[in-house]
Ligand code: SAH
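Presented as structure tokens, the chain that follows is alone, the form predicted alone.
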């Protein structure tokens, strides 16, 4: 596989390309014009384009499948140079707002969910990504190009704001060096200029890596996939919990540098009959005591063959109300893309079966 131009910060490109001012021009073509070939870079000399084409690719990804939901969610299956595939998701968070004259007063808001690995080592029993095992880490360029590819496909201009969540296939902290590099590339002012405050790294709880991410001080938010309030259930759902138990995660979170205005997000996947009772809600309040926390309650998204079930709306609301009543900021996350292959890894498995 050739490296992608998207594997590099602008400063790094300037050391690879001579004269160095060409790096700024190329950055503009990559991140402002979303070009997919060297031929499209109009102000780059032919000889340089030929030289670059021998060593690099522009965008290492191609779209092989996509499903569009009635709610605006788009699930993409993307293929890399080695033929491996992974998923990325385009999420509409808020609709465009217009005044009485039809003028736009606020643009629609979008979030892109990116993958960080082909497969995953963590092995969460509720996650389809784990079914295929772990293949390899994504490069920084393969992470960055997911955002470029989806912005281009949705005609989303480079200077329009977007949020990035590292919540797709894979465990981001298991590929921390490449994720950190991608975070820095996203921040580049001459590129997409997506600040750390618009980037959220979600982890299933590698407590030692949470500390390392904190030491990097990248300014990103962190989201913890907690899903249970005791180690017995969490170890059933996430076998890795035996090595990184709930207490070690909570202690690491307390050490993580958080913007004083922000909160640590805890993802809590609610599964019928497993963790949807008020006893669990009470334990969760106690567990998060002393942390500036926000809890995201997520309906379990059933997929073929899973033994787990979606909780009732009544139990979900009761859980939510208990947390709020006891001082926790809490939201029930809307399930998006319910009419498409919404579960992580589902489109990949489905496409494999169709081929």
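This is a predicted model, so every value here is computed, not measured. Positions refer to the first chain, counted from 1.
Beyond what is shown, the protein has a form predicted in complex with this ligand; the following relates to that form.
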| item | value |
| --- | --- |
| Listed residue that, although this ligand is not shown, lies within 4.5 Å of it in the model of the complex (heavy atoms), from 227, 221, 75, 244 | 227 |
| Contacting member of 204, 275, 207, 149, with respect to this ligand in the model of the complex [4.5 Å, heavy atom] | 204 |
| Contact label in the model of the complex: residue 300 to this ligand, heavy atom within 4.5 Å | yes |
| Contact test in the model of the complex: residue 171 vs this ligand, heavy atoms, 4.5 Å | yes |
| Partner contact for residue 188 in the model of the complex: this ligand, 4.5 angstroms, heavy atom | no |
| Heavy atom of residue 90 within 4.5 Å of this ligand in the model of the complex | no |
| Contact segment among 180-188, 82-90, 153-161, 123-131, judged by heavy atoms lying within 4.5 Å of this ligand in the model of the complex | 123-131 |
